[in-house]
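In C-alpha cells, the next block holds one chain alone, the form predicted alone.
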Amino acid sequence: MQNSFHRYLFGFYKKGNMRFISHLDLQRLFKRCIKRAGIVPAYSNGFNPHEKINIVHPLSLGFETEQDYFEMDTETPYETDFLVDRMNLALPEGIRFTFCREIPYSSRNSSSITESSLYEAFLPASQNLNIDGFIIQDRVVILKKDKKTKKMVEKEVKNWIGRIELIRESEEGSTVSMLLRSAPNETLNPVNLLEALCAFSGAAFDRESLRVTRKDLFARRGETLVPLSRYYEQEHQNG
C-alpha cells in the first residue's frame, strides 16, 4: 500500500572529477551506496522490480553542482542522520549528501514539481557580454540537437529565462548567473543559452573550457519560487 512507504529527500553536491559521471553511472553509484550502507529501499512492482529512487532533474555531463536532490522510498522508517552518515561512508571523493529529511509520500516525485535551476557559469576569454541587449530581443533563439533527427534546430526560449546577469568580468573571462526553466519536457540548457549570448555579443565561446555549476533547484509555492530543500518544509507549515 502507498501509505506504508516512507520517502526521503536528500541534498547532495557533485564536484571536481565527479562532474564527469553520467546520470546512469550516478544511479548505479547511489544503488551501491544504499546496499553497502545496509539500507533496504522499497521496490517497484512488476516483472523486473527496481529500487524506488529518483535523481531530481539530472544534470548534463560535465556540470558541477552545489545543491542537487535525490529521493529514496523505503518500507522501513529510518533516522535521517543515520541515512546521511551511513551513505556518505560509501561515496567517493567529490560527492557527498548534505542533508536528509522525510517528506510526504506521493505518487508524484519531486521532479514533477521542479520548475527552475539556478546556474553559475565561468566563460574563459569571454568579455563585453551584451546581456541587456540579448534579453530585450523580441525572440531569444538557441540551437539545440533534436533528439529524433539528431540535427541542430532552432528553439525560441525567451519565456524560459527567469534571470541572467553578469557577476564578474576580468581579463580571464566572465562569470554569469542564470535562473532557467528546468521542468519536465521544458528544460533550457545553460550551455546552449551562453553560446547564443556570446554569438549575439561577438564574444569568444570556448565550449570545452566552460565551467557550469548548478547552485540549486526551485519549485513554485504560490507566486514564489522556493528552493526544493524548503518546499516541503513550507508545505508542512501551510498544512
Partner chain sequence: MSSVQNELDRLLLKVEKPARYIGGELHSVVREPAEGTVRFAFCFPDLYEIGMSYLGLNILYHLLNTTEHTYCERCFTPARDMMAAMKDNGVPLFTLETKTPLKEMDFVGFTLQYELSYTNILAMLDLAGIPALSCDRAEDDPIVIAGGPCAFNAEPIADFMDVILAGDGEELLPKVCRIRKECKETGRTKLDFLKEIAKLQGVYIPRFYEPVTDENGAFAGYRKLWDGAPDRILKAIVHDIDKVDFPKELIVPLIEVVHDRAVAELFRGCTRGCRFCQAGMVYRPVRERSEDKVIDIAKTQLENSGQGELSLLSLSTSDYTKFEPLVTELMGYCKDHQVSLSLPSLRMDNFSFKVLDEIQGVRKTGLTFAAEAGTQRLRDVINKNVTEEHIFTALEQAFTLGWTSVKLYFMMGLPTETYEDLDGIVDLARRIMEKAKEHNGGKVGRYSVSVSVSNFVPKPDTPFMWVRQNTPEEFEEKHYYLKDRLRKIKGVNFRYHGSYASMLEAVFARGGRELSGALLRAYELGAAFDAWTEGFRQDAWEQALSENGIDGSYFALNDIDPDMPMPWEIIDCGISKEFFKDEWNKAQAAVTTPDCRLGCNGCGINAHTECRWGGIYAE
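All of these numbers come straight from a predicted model, not from anything done at the bench. Numbering follows the first chain given and starts at 1.
This next part talks about the form predicted together with the partner chain, which is not shown.
>> Quick check on this chain: which one of 210, 183, 196, 179 has a heavy atom within 4.5 Å of the partner chain in the predicted complex?
In response: It is 210 that has a heavy atom within 4.5 Å of the partner.
>> Between 135, 157, 90, 103, only one gets a heavy atom within 4.5 angstroms of the partner chain in the predicted complex; which residue is that?
In response: Only one option qualifies, and that one is 90.
> Within 4.5 Å of the partner chain in the predicted complex, do we find a heavy atom from each of 57, 73 and 145?
Replying inline: Zero of three within 4.5 Å in the predicted complex.
>> Within 4.5 angstroms, counting heavy atoms, which one of the listed stretches 39 to 47, 196 to 204, 170 to 178, 65 to 73 is next to the partner chain in the predicted complex?
In response: After filtering at 4.5 Å, what remains is 39 to 47.
> Any of the heavy atoms of residue 19 lying within 4.5 Å of the partner chain in the predicted complex?
Replying inline: It does: once the partner chain is placed as it appears in the predicted complex, residue 19 has a heavy atom within 4.5 Å of it.
> Hey, in the predicted complex, is residue 29 touching the partner chain, heavy atoms inside 4.5 Å?
Replying inline: Heavy-atom contact with the partner chain at 4.5 Å: present for residue 29.
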